[in-house]
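One chain comes next, on its own, written as structure tokens: the form predicted on its own.
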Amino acid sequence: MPEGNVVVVGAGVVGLTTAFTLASEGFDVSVIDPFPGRGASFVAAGMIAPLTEAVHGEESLTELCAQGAALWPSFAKRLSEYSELDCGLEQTGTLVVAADNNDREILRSRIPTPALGTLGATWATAAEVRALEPLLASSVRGGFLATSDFQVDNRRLLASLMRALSNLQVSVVQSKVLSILSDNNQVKGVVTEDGVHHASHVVLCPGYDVARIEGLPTADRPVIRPVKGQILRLFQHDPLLRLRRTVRAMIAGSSIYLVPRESGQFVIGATVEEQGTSRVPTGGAILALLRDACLTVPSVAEAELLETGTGLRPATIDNAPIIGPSLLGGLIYAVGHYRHGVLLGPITAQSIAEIVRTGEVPVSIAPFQPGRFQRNG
């Protein structure tokens, strides 16, 4: 077993995936979170979308997302071996469609033809996209199939990770971390509401409120904001009215996605709201999600509404994650994954394991280290 022990603070997808990766490599790991697996990761849709979530000007992040998505099939297989559960990875691709001619032009400008070509995708006519998904509205004006973009059932994933940690005898402590314990610029563990947990390494993955933890170095203390996202879960009783694959639509310049599950449930999401820490669901957001979903797939109107959910995504100033070692020896950040927590879980975990094991920062995460904000003032 490698020397030392690791405390992972935070039990969302990133924290649990990191703990699983470290424990499966032989590290002595414990996880601390007051509500394991119940934060933004529980509300999420489970999108793994390096192409359709790409934003112009975020090329480094897009490249990291592409590398992260490539790890998912092998990661899911490895996880199932440890957990003996299927995490619900679905690789049928994402069908991206435009609601009308204006939305078609917006899509073409955001994802140009050369970008599609590099992924083996081409623009399809309205008839061609409806052949791929017959439930689409007759008003849809073309689109493309993004085979690089797929999804995982986030709740099955969380259950699988928790089972794997149990099988690996990882301790999951339900408590809140109050401060980092350190001496002579070296981490010694964490202080929680119920006592002290000693560790040679501490990995911080607590979500948007990381800055509340005392004892973080002032120079690289992360600045994270919560971004509210409202999401709906429905159930389609009629098997003939169930989507074949994930559908993402551009409607009046806004994006919506519908993510089907094997069970007949599906997810509609998601809003992006700068509303502080409010978790209150709103009628306007629910109305807009249902309206746009019905305009894209009319049979949604016949589905049973199961749940409205609200999550707070942790976002940085530049919307890219902070991954890497702190100025405090033994402290490692893995925060601010914003809309890419599920997608980037495996590559973040792999990178952190390499840092703990060797002390070296992998090339793939070099642009996302904590010092980038300090250097830029």
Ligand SMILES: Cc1cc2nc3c(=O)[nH]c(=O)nc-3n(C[C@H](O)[C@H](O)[C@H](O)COP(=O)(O)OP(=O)(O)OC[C@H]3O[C@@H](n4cnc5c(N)ncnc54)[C@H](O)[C@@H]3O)c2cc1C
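Residue positions are given as counts along the sequence shown, with the first one as 1. The structure presented is a predicted model; accordingly, all values stated were derived computationally and were not measured.
Another form, the form predicted together with the named molecule, is not on view; read the next lines as being about it.
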Checklist entry - If you check in the predicted bound form, is F144 within 4.5 Å of the named molecule, heavy atoms only? => result no
Checklist entry - According to a 4.5 angstroms non-hydrogen atom cut-off, is P346 in contact with the named molecule in the predicted bound form? => result no
Next on the checklist: I'd like to know if A98 sits close to the named molecule in the predicted bound form, meaning any non-hydrogen atom pair within 4.5 angstroms.
Outcome noted: no
Next on the checklist: At 4.5 Å between heavy atoms, is K176 in contact with the named molecule in the predicted bound form?
Outcome noted: yes
Checklist entry - Exactly one of G189, P222, G229, P226 has a non-hydrogen atom within 4.5 Å of the named molecule in the predicted bound form; which residue is it? => result G229
Checklist outcome for this item: As a check of understanding, the residue in I322, V29, I352, I32 with any heavy atom within 4.5 Å of the named molecule in the predicted bound form should be identified as I32
Item to check | Stretch in contact in the predicted bound form with the named molecule, which is absent here, among 77 to 85, 176 to 184, 131 to 139, 236 to 244 (heavy atoms within 4.5 Å) | outcome: 176 to 184
Checklist entry - For 192 to 218: residues with a non-hydrogen atom within 4.5 angstroms of the named molecule in the predicted bound form? => result C205, P206, G207, D209, I213
